[in-house]
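Next comes just one chain, in structure tokens: the form predicted alone.
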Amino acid sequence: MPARPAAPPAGGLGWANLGMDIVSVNRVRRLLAQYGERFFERMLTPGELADCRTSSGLDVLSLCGRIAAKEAAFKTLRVRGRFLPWPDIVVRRSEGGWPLVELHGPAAEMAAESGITEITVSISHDVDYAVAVAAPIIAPTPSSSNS
């Protein structure tokens, strides 16, 4: 029996490169007041922005949660020297209300290179901050299924 738990090799089955991010609500409010909603159109798709709307306008906490979730999902990819492909990581609200992550274009390619087939995410927010934690789903490889 090992003296302490040993992690499996990074990137293989049983290894989860978690991603986490925190977003300041005050910072996003400031950006929204300074640049307007168009600023966030570079980061969120029209569908994501629609998920953040209420009858009274854009819900800042939802907006912060989406931004945190995208950053957290990107961190699971463990890529160096690459910019977050904002429109290619899409966080939508499911019928049950929980967030779902879709990967497209370069984000999907980066995930495939890492053996990631899906990313799950959880978002939470309160008055001043929104946080998100993301976990990748790693696909078994032919060599891992033989061991």
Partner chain sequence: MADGLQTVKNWILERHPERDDIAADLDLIENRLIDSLSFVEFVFLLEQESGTAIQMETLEVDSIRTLGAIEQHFFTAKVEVGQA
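Residue numbers count along the first chain shown, from 1. Given the structure is predicted, the values throughout are model-derived calculations rather than measurements.
Here the subject shifts to the form predicted together with the partner chain, a form of this protein not shown in this document.
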The partner chain contact in the predicted bound form: I116, any heavy atom under 4.5 Å:
no
Indicate whether the partner chain has at least one heavy atom within 4.5 Å of a heavy atom of L100 in the predicted bound form.
no
Looking at the partner-bound form in the predicted bound form, is R42 within 4.5 Å of the partner chain by any heavy atom?
yes
Heavy atom to heavy atom, is G81 within 4.5 Å of the partner chain in the predicted bound form?
yes
Heavy atom within 4.5 Å of the partner chain in the predicted bound form - residue from C52, M110, V121, V28:
V28
Contact check in the predicted bound form: V23, Q34 and W86 versus the partner chain, with a cutoff of 4.5 Å between any heavy atoms. Do all three pass?
yes
Going by heavy atoms, what in 44-79 lies within 4.5 angstroms of the partner chain in the predicted bound form?
I67, E71
